[in-house]
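Before any questions on binding or motion, here is one chain by itself as structure tokens, the form predicted on its own.
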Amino acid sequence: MKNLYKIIGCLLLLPFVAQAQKAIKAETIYTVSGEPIKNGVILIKDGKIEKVGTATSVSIPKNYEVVNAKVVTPGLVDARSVVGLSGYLNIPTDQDQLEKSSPIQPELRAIDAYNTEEKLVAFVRENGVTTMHTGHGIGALVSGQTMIVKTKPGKIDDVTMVPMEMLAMTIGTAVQGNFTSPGTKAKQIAMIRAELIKAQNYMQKQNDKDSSKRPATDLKYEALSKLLKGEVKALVTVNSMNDIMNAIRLAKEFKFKLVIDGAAEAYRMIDEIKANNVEVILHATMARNGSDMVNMTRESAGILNAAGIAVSIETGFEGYVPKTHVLLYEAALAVTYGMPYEAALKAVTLNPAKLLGIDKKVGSIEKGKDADMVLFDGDPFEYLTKISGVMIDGQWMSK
């Protein structure tokens, strides 16, 4: 009788097993980690990429669901966003990305504010983004923490890849006006330095052999301690040449890992960026020139790429509805202004995956990685091309 139950159970599970096994046939597969594959096949099993190759080298088992596409790319990885904290309605109740009660709040966790059901999450997913580095936004010296999520629907624990990735910081005019102090850039740097010195002292006291002399746990300094220990990076939004140098100077003084975000004038500081091992996330290429971004050029991505800097392109944050750019369009514009085609594709897939330390899971189409893919009916960077399918962890989000 027990054997009979087992057989019945296996028979009932067969449809679900078959559903978990998929094959994608495409005229072109951009693996990103290697050369494009013409007339290619991708096998997916249990949410992972099982095999990838040409149709002559990869045979499709009989029980696999088969889908055809013109072009397949890895799921797009947005290097910096506030989607999920910032919502599409543009009203106070769905704008949770910036807390203005204090200019330095590293203890604020993105995971406490991220809304998996926010319609903007579905919007970016429909436009090919399967992984996001999102969290607290620009406008405060330290606005809070960032996180990495898959854009699929579900409970927060089910979509979170990394609950604390970086500390989001801002240097420049975007801070001025949000707080009584700081009012000038010199004050901004002084306030950040003062808090980092306090964090150093806090760390030293926490290591005292006499437990009675150790201070009570302080969430602010616990977060800053992670930065100083090298456990997380500083994601510093800076755009002007002077502000980029301020960020580099801070990183050198306190020996933390630096990622510059926005980076409108990074093309003017290539030697300094390379000499200090600074990672770069470029603000959306179609951003508006003005304020700290007045000297922005749409050729930045191409210039930095030609200089050997691994560029990641972000959607960032916009003050107008729908509050975010379309990542695919931003990469396409980078191509228009001089970035090589496959380098631009890498800037929204493998480069940000490496920067975020998640490249063993996402960012390219390789055996063993998460089955996150985008299917197109033509050239991904052609405006009239449509996305014909989005897959996350081997499951169709749209098809």
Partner chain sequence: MPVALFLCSVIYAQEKPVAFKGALIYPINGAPIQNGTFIVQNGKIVAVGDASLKIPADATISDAKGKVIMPGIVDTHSHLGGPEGGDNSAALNPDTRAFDAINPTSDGFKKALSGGLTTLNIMPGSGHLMSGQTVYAKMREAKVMEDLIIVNEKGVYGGMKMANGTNPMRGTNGFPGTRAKSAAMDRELFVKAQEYKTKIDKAIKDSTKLPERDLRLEPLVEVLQGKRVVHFHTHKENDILTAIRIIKEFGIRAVLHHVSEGWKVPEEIAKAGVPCSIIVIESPGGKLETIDYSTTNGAALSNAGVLTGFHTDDGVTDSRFLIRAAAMSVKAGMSKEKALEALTINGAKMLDLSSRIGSLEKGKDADFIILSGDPFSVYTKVEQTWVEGKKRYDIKNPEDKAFLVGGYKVYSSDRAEYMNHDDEISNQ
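Positions refer to the first chain, counted from 1. Bear in mind the structure is a predicted one, so any value in this text is a computation, not a measurement.
Omitted from view is the form predicted together with the partner chain, to which the following refers.
Open item on the list: Looking at heavy atoms inside 4.5 Å, which stretch does the partner chain contact in the model of the complex, given the options 298 to 306, 244 to 252, 196 to 204, 231 to 239?
Closed with: Heavy-atom contact with the partner occurs in 298 to 306.
Open item on the list: Is it the case that D370, even though its partner is missing from this view, gets within 4.5 Å of the partner chain in the model of the complex, heavy atoms only?
Closed with: No, D370 stays farther than 4.5 Å from the partner chain in the model of the complex.
Task: Contact label in the model of the complex: G290 to the partner chain, heavy atom within 4.5 Å - done: Because a heavy atom of G290 falls inside 4.5 Å of the partner chain in the model of the complex, the answer is yes.
Task: Heavy atom of A332 within 4.5 Å of the partner chain in the model of the complex - done: Judged by the heavy-atom cut-off of 4.5 Å, A332 is in contact with the partner chain in the model of the complex.
Open item on the list: Can you tell me whether T73 touches the partner chain? I mean in the model of the complex, with a 4.5 angstroms heavy atom cut-off.
Closed with: T73: no contact with the partner chain in the model of the complex.
Task: Partner-contacting position among V326, I189, M164, L227 - heavy atom within 4.5 Å of the partner chain in the model of the complex - done: Result of the distance check: V326.
- [ ] Could you check which residue among L108, M147, L282, L120 gets a heavy atom within 4.5 Å of the partner chain in the model of the complex?
- [x] Contact with the partner chain in the model of the complex is made by L120 alone.
Task: Within 4.5 Å of the partner chain in the model of the complex: residues from 367 to 397 (heavy atom criterion) - done: In sequence order, D379, F381, E382, Y383, L384, T385, K386 come within 4.5 Å of the partner.
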